[in-house]
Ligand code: UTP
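We begin with a single chain expressed as structure tokens, specifically the form predicted alone.
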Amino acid sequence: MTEVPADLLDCLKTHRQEHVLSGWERFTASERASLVGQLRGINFAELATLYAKKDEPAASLPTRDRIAPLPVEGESADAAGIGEAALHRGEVAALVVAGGQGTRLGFDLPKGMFPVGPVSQSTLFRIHAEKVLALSRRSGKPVPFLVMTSPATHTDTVNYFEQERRFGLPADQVYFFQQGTMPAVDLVTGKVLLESPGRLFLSPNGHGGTLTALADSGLLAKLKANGIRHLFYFQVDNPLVKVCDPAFIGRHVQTDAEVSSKVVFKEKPEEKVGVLAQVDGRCSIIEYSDMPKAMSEERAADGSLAFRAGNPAIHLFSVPFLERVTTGRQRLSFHLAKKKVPHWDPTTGEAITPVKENALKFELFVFDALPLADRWLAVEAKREDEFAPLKNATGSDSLETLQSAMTAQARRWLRSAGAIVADDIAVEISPTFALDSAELKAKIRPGTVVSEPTYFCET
């Protein structure tokens, strides 16, 4: 490739973005092809429309009279059979959001590759994949496992799965797709920023980009064609998640919900977690940073927090609903955020490190889909059984707290099965050995003594 494609050059001139070609004559053929590929992926007309909104005030929290606590159901064992039947019919797929790196953990690989097993050192990816494998065996039908990556994690993730032979899953059961990206633009001029000569500054387009990427990649249409009716959505950093929980699926099916969400009750007002609430009678999420202190401290008649339905990012979407919110007029809208973005200036040829906000970034939020649902459901998840995220290197939501939660759950299951295990013994249970307490009980002899760190797994 020696010349800039004529249609692309016309597009750049129309939107006054020709600066991105600075240095073209010095680029190699592969560098030129890479830049053209990046530019082809940008909808410059949409970008201009978004930039025009830069001075519009950010959406504010509705007035208090429009907000109400969200009704939350308890667990329903009666629904488990319905969920199991849906799994047996092959109607459910699992999607893990895994576009992030472990930077905050001092880990420069995808977070899903971080070892968390308290005894086995199994990675997050292994734990989740083994849950999908065990669930597929139990239901007698393969549960499609969708792994959403990002440009920063895609190659490492795919290579890791291949090296580990997909943790026992067949190749045709695992699907990888990349989250979309958006360029950052200069706050003053609206011009696309460059990371370096011939390379745009691109960043992931937010967790809501999972849904649009699912559709844009063709995977959503493929799932529908293969008879998938429900998509279980979760994040890679939570090893306790009950992947495709049959009881949760059953209630979703029983109520004909378009979106179902699990909630973990907040333990204190200042807990930094988004809260599910009703806004104008629709299921919505209020970010913890947006919730007024007085509202976060409100109490119900029984003394519990009025707004306590914390969001662990565990959802179940109907496929027709996903089709609706990823196409046409109901497609999710971008949020604008002013940020400091280091970049290369093609005018001076210098690298710029800004001291104040100099750029706009654009993100989609998955929780913007929730208010679009006409039929929704919220179900309680017990924190000790389903939520122990890995966010920080130390303190809360760290490896220490995660492993403590995993070990505590394994001890509860073992003791329920009649085993004897001390509080200071590290224990871990592979999903392929037992997916739940009942399955473990069928495999452990009552009176079994666990006297040393033990990993219960297939032999």
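A quick note: this is a predicted structure, and the numbers were derived from the prediction, not measured. The first residue of the shown sequence is 1; numbering continues from there. Between two forms, the rigid core is the largest collection of C-alphas that superpose within 1.5 Å.
Keep in mind that the form predicted in complex with this ligand is not shown, yet the notes after this line are about it.
In the predicted bound form, this ligand sits within 4.5 Å of a heavy atom of residue 204. In the predicted bound form, this ligand lies farther than 4.5 Å from every heavy atom of residue 73. When contacts are judged by a 4.5 Å heavy atom cut-off, residue 226 does not count as touching this ligand in the predicted bound form.
Contact check for residue 183: no non-hydrogen atom falls within 4.5 Å of this ligand in the predicted bound form. Residues placing heavy atoms within 4.5 Å of this ligand in the predicted bound form fall in a single listed stretch, namely 104 to 112, out of 131 to 139, 274 to 282, 104 to 112, 314 to 322.
Among the residues 54, 391, 415, 32, the one placing a heavy atom within 4.5 Å of this ligand in the predicted bound form is 391.
The contact residue chosen from 122, 235, 212, 358 relative to this ligand in the predicted bound form is 235, the criterion being a non-hydrogen atom within 4.5 angstroms. Residue 148 is the sole member of 148 to 162 found to place a heavy atom within 4.5 Å of this ligand in the predicted bound form.
With the core superposed, residue 222 shows a C-alpha displacement below 2 Å between the shown form and the other one.
When two forms of a protein are overlaid on their rigid core, residues whose CA moves 2 Å or more are considered shifted, and residue 88 is not one of them between the shown form and the other one.
Comparing the forms between the shown form and the other one on their rigid core, the Cα displacement of residue 382 stays under 2 Å.
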